[in-house]
Structure formats: C-alpha cells, structure tokens
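Coming up is one lone chain in structure tokens, specifically the form predicted on its own.
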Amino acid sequence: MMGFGPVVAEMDEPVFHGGWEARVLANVIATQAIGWWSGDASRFARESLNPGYYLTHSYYEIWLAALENILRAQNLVADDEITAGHALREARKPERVFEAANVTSALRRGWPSERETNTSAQFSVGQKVRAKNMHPTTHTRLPRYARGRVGVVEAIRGCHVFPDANAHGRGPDPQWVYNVRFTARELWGPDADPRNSVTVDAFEPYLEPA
C-alpha cells in the first residue's frame, strides 16, 4: 500500500504487546470453535472493516473489531453489551463449547484444509499460468499484486478447502492449489531487482493458461 512508509521490523518483538492481545486471539479461537462460522469468514469480516479503520489500527485491534461484528451478526452480543463490557441479557446458546482442557491438543492438531478429491489437476509443474484479473467483492486469497501477472507452476499442493466459498457458508468446495513463482519484474516492472521473485499458493479458479 503506497504512502505508509517502510515496514520496520521490531527487534526482539514479543508474541503479544499486551495481555489484551492474547485475550483477543483466545476469544477468536474459542468462538470460532462453536462451529457457526469458519476461519475464512473471520478473515472476510476483517477485510470488510472500513478502510480508514483497517489501515490505521493494529493487528489485534482489527481482529477485535471484526469479532465484535461477527458476534453481533450471530446474536451472541448486542451493541449495549459491547459498550458495557459484559452481558446484559441471556445470549443465544451454542451447541458446543471449546473447553480449556482441549485447547492444547486442538492447537497442536490444527485445522487441516486438505481434502480428498476425484478430480484431476488442470495445471502441471513447469507450466506457465496467468493469475486472473479478478476483483470480487467477496472473500478471496488471490493477492491483488499478482492479478493479471504470468508465473510458472513450481509445485502442486493438493486439493484444499476453497476460502472464496467457505467464507460465505457455501461449504468447503475443495479446489486444487498450486505454488506459482512470479518474477519481481513481472509483478512490479523493469525497475525491480531481476534476482528476486515471489511465490504464491494459488487456487485453481484463480488461474488460467498463459
């Protein structure tokens, strides 16, 4: 994003800059475990924040604002409860709860996205592909800087849950994923360092033959 200056690395950066950040992360994981929305839906909620807010607030401030919006939409909290900082009435009851005793094993296991499929990959290793010049108003994991650019397939990652569908309650809709390498000059023009490149894990619906 232009105009925001360089990205400055923080030396010896702590995992959390305050206890509230850890609580935000814990609440995002615990509420998502209810099963009423997906991690992709959480990402879309963050992307859907007002750009003026999104571009001027910290990582976990963005996560918290998005979570509040999701909880409102799911009738788990109301505006006056968010303002008060505690429940003011009985909330919608979830069918399942993420128990503290299960946290460690769940985090170690993770949430694998790979799925079995009876389809065949459309593209092969070494093939040139173009990232589609697409601009959906819904969720997507195709970086804007890669759209319309040509790269080469370096690896096939398998078939995975498709975020563009899963974020909007349309199910996992598994799609093939490819690791595609783009040269820096292809992405950013002739002034880019010719020694540099960027690899993107791209879902099959994002790509077309080049």
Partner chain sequence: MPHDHDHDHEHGHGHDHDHEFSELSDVALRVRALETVLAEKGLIDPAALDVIVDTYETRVGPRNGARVVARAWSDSAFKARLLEDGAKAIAELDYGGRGGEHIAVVENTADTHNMVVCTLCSCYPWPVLGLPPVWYKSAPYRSRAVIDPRGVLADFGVTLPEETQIRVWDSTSEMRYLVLPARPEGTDGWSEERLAELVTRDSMIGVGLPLKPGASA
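We call the rigid core the largest set of C-alpha positions that still match within 1.5 Å between the two forms. Residue numbers count along the first chain shown, from 1. The model shown is predicted, which means the values in this text are computed figures rather than measured ones.
What follows is about the form predicted together with its partner chain, which we do not show.
S.K.: For a quick test of understanding: in the predicted complex, does each of Arg109, Val177 and Asp201 have a heavy atom within 4.5 Å of its partner chain?
M.R.: Spot residues vs its partner chain: full contact, yes.
S.K.: Is Leu76 one of the residues lying within 4.5 Å of its partner chain in the predicted complex, judged by heavy atom distances?
M.R.: Yes, Leu76 is a contact residue.
S.K.: Though only this chain appears here, would Pro172 touch its partner chain in the predicted complex if you measure heavy atom gaps against 4.5 Å?
M.R.: Taking the distances in the predicted complex, the answer for Pro172 is no, it never comes within 4.5 Å of its partner chain.
S.K.: Taking heavy atoms only, is Glu186 within 4.5 angstroms of its partner chain in the predicted complex?
M.R.: Glu186 lies outside the contact set for its partner chain.
S.K.: Should Arg92 be classed as touching its partner chain in the predicted complex when contacts are defined as heavy atoms within 4.5 Å?
M.R.: Yes, Arg92 is a contact residue.
S.K.: Heavy atom within 4.5 Å of its partner chain in the predicted complex: which residues of 10-36 qualify?
M.R.: Going through 10-36 in order - heavy atoms within 4.5 Å of its partner chain in the predicted complex - the hits are Glu10, Glu13, Pro14, Val15, Phe16, His17, Gly18, Gly19, Trp20, Glu21, Ala22, Arg23, Val24, Leu25, Ala26, Asn27, Ile29, Ala30, Thr31, Gln32, Ile34, Trp36.
S.K.: Pro14: CA shift of at least 2 Å between this form and the one not shown after core fit?
M.R.: Yes, shifts by 2 Å or more.
S.K.: Establish whether a shift of 2 Å or more occurs at the C-alpha of Thr119 between this form and the one not shown, with the two forms superposed on the rigid core.
M.R.: After core superposition, the displacement of the Thr119 C-alpha between this form and the one not shown stays below 2 Å, so no.
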